[in-house]
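Take a look at this single chain in structure tokens; it is the form predicted alone.
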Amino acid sequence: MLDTRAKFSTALYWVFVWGCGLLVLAFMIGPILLALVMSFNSGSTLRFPPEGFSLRWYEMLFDPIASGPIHTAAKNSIEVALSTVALVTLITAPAAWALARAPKRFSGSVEPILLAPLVLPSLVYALAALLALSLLGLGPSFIAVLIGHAAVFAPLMFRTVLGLAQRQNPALEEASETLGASRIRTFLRISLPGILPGIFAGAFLVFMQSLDNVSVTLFLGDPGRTMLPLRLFAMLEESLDGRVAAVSGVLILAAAILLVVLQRFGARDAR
């Protein structure tokens, strides 16, 4: 009897785990597959199921004449995203490494403060930042968006770098300094290679989040400088333009390629 109950409990447990796991995967992957399928629609608007298979929306998307505003918006968004990654890397990577070497009581008190933007809704932060700019007599601009994105997404890189920095053996750095290396040389030759995978992983997360962000960009962005997410929203409001799905397909492909590259780099670093 006990054997039967144990088997039943085990079976129920695995059914629950696999069932919930499959539901979560369907919820995460389903919209991605839906967008990809609709991007190959031969119809004149976005619709599901597609009327037929066609590459017309991709051809129109890469046409500089037909999709000039989209190209401009994409260029602006990539410029902001790359600038955000550079700024976050310069500030966050050294801060995470220094906090990993700080006393535990101090680091335990500071770490939740630095990770706070992860739990603060970006919409609330964007509105507060806009009000602060107004009080200072400033307005939305490229610099405002850059600082806003860096403040909101810096914890993503901070968390990945801090985890690797805490796992490094401080004795290696002490040995390097004992043998005559300066602190800067020790950081570049000993510490930096150990946290480099975390920097790349954090850079990927920051880049994708910055590229896709709407709330901070909407409140702090220069009205004359259109960003890709806002442009796509405007296209959906005006008409169900199939190029929106084509843009989604391009972004999904780019994200997949970057993930494969990062995974291979991480595996090589581990070896």
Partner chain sequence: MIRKDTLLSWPMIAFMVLFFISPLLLLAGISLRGEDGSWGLGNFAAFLSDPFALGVLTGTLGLGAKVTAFASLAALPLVMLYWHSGKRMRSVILICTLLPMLTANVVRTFAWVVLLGRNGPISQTIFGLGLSDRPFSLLFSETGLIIALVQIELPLLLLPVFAVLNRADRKTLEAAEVLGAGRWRAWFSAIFPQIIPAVLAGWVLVFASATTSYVTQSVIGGARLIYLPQYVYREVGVLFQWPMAAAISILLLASTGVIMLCLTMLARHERLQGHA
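Residue numbers count along the first chain shown, from 1. All values reported here derive from a predicted model rather than from experimental measurement. Only the largest set of C-alpha atoms that superpose within 1.5 Å between the two forms is called the rigid core.
Omitted from view is the form predicted in complex with its partner chain, to which the following refers.
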Its partner chain contact at residue 32 in the predicted bound form, heavy atom, 4.5 Å: yes
Spell out, yes or no, whether the shortest heavy atom distance between residue 59 and its partner chain in the predicted bound form is within 4.5 Å. no
Within 4.5 Å, heavy atoms only: does residue 55 come near its partner chain in the predicted bound form? no
Going by a heavy atom distance of 4.5 Å, is residue 132 a contact of its partner chain in the predicted bound form? yes
Considering non-hydrogen atoms and a 4.5 Å limit, which listed residue (114, 85, 74, 165) is close to its partner chain in the predicted bound form? 114
Taking the rigid core as the reference frame, tell me whether residue 26 has a CA displacement of 2 angstroms or more between the shown form and the other one. yes
Quick one: once the rigid core is lined up, does residue 79 have its C-alpha move by 2 Å or more between the shown form and the other one? no
Residue 17: with the rigid core matched between the shown form and the other one, does its Cα shift 2 Å or more? yes
